[in-house]
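Take a look at this single chain, the form predicted alone, given in structure tokens.
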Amino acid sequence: MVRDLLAVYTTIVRAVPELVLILLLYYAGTDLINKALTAIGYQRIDISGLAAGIAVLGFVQGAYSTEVIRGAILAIPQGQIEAARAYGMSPGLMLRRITLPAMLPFAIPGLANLWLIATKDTALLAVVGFYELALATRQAAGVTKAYFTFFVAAGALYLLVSLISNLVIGRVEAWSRRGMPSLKEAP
């Protein structure tokens, strides 16, 4: 039953555009939460754009991340899991010593892509009033009429975040692949 619910969650989130999910979860989600609160005797609450943005991006990225992690776990040679069970490892110990170290090199590239997508998706949160780089750029460009300058600067900032992220992710990936043949040496 839980597996079926999670499959529905990932299918819906992966099929519906992020902008639609942001609008749906922010406006309809806030309405549902407030109706539930008033039904049980509590006051209505005002959900900020930041809180909604974090929740929506977490909700969306969670669906994609589960698929990346599932694929990474399936990439582990089954013999390693069987050997751990044969040695009598508990599930927690097997997770810590076998599953996580073996899946990490397969999961990091996909998770890195999701991180970069999430940083760019923050621009979509301007539609729910979250003041972020794209909204600030649009407002500043509108006031000064220097559209090219402000949008090039915003693009450069997104590029800078991506380049720094790529450096950090590259080091984490190299660390996770230690002891494995390098990708350049592979046939």
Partner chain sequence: MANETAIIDVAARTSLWLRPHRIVLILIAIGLVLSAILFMRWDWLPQYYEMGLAGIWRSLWILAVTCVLGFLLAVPLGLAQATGSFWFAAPAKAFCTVIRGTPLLIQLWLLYYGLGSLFPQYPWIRGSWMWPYLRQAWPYGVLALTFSFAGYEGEVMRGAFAGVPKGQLEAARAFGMSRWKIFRRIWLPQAIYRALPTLTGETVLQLKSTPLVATISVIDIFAVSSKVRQDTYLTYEPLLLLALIYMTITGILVFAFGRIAARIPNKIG
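Residue numbers count along the first chain shown, from 1. The model shown is predicted, which means the values in this text are computed figures rather than measured ones.
One more form of this protein should be noted, the form predicted in complex with the partner chain, which is absent from this view; the next part is about it.
Undergrad: Within 4.5 Å of the partner chain in the predicted bound form: all of I81, R85 and M180, by heavy atom?
TA: Answer is no for this spot.
Undergrad: Given that the partner is absent here, does R70 sit within 4.5 Å of the partner chain in the predicted bound form, heavy atoms only?
TA: Answer no; every heavy atom of R70 is more than 4.5 Å from the partner chain in the predicted bound form.
Undergrad: Would you check, heavy atoms only and a 4.5 Å threshold, whether A55 touches the partner chain in the predicted bound form?
TA: Contact with the partner chain, no.
Undergrad: Flag Y42 as yes or no: does it have a non-hydrogen atom within 4.5 angstroms of any non-hydrogen atom of the partner chain in the predicted bound form?
TA: No - in the predicted bound form, heavy atoms of Y42 and the partner chain never come within 4.5 Å of each other.
Undergrad: Please tell me whether any heavy atom belonging to L50 falls inside 4.5 Å of a heavy atom of the partner chain, as the geometry stands in the predicted bound form.
TA: Output for L50 is no: heavy atoms all beyond 4.5 Å of the partner chain.
Undergrad: Give, in sequence order, every residue of 63 to 82 that has a heavy atom within 4.5 Å of the partner chain in the predicted bound form, or say none if there are no such residues.
TA: Sequence-ordered list has one entry, Y64.
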